[in-house]
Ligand code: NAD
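Presented as structure tokens, the chain that follows is alone, the form predicted on its own.
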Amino acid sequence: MRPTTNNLLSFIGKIAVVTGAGAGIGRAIALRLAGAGATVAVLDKDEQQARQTLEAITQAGGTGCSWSADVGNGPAVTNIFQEIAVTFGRVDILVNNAGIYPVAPIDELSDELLDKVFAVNLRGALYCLREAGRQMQGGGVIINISSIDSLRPSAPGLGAYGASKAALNALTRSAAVEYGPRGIRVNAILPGVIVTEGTSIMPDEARQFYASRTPLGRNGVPDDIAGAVLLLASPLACFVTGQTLIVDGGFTING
């Protein structure tokens, strides 16, 4: 008998790690994976927010654990994944969601800020990808949360952010080539404008502008990205690797 679509979107028995899962897109991803049956390791630099996500998971009947982690710190990432290995035995799914997007014109971009952006958005993803890959037994899935800014600037002042995400796309493709023979699929999701706590500082007129330029007529919400993660992590995408999936309501095709 062929498995049903519901079976293919079930993650019962899977161990998923989500970084930057304390709020926004990361929390939505963690909740969606847990709701589909996965046991979720919630990682976030903010320990309180990580615990709040875990509480939301357990209150909904899911399972998991939370850790406070600065993904830009290589030794700290290694230690966290060692603890994950002791707790759960392996990793099946990694979602590299942690990221920062400070706004700074290129002329005012300091070395310190540039290093910080790349430490979190690129090196952090690489550290987690490397550690998770070592634990994936008989295959696995890695999903990097990139941005449409990796393809084209959505606003001035995001040069460092866009460059770090473009590098993340390149890392995605390289990892797909290297990890493919081990049965590990590596893809990236490129969100458009997503309404989160982090984007709440965006002026109303800017949000309205982006929504007006989006064929679907609205800005995104975190669950839009969580749904795409569920798809790419599932067997429905079993022959998809090294790809960058744009999830922006059509914004990038509208000029």
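What you see is a predicted model, and the numbers here were worked out from it, not measured in a lab. Heads up: residue numbers just count along the shown sequence, starting at 1.
The same protein also exists as the form predicted in complex with the named molecule; that form is not shown, yet it is the one meant from here on.
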Candidate from A132, V117, V141, I145 lying within 4.5 Å of the named molecule in the predicted bound form - any heavy atom: I145
Every residue of G22, Q49 and A69 near the named molecule in the predicted bound form, heavy atom within 4.5 Å: yes
Options 132-140, 82-90, 100-108, 174-182; stretch whose heavy atom lies within 4.5 Å of the named molecule in the predicted bound form: 100-108
In the predicted bound form, K45 touching the named molecule (heavy atom, 4.5 Å): yes
Interface membership of V193, the named molecule in the predicted bound form, 4.5 Å heavy atom rule: yes
Heavy atom of T63 within 4.5 Å of the named molecule in the predicted bound form: no
Touches the named molecule in the predicted bound form: D223 (any heavy atom, 4.5 Å): no
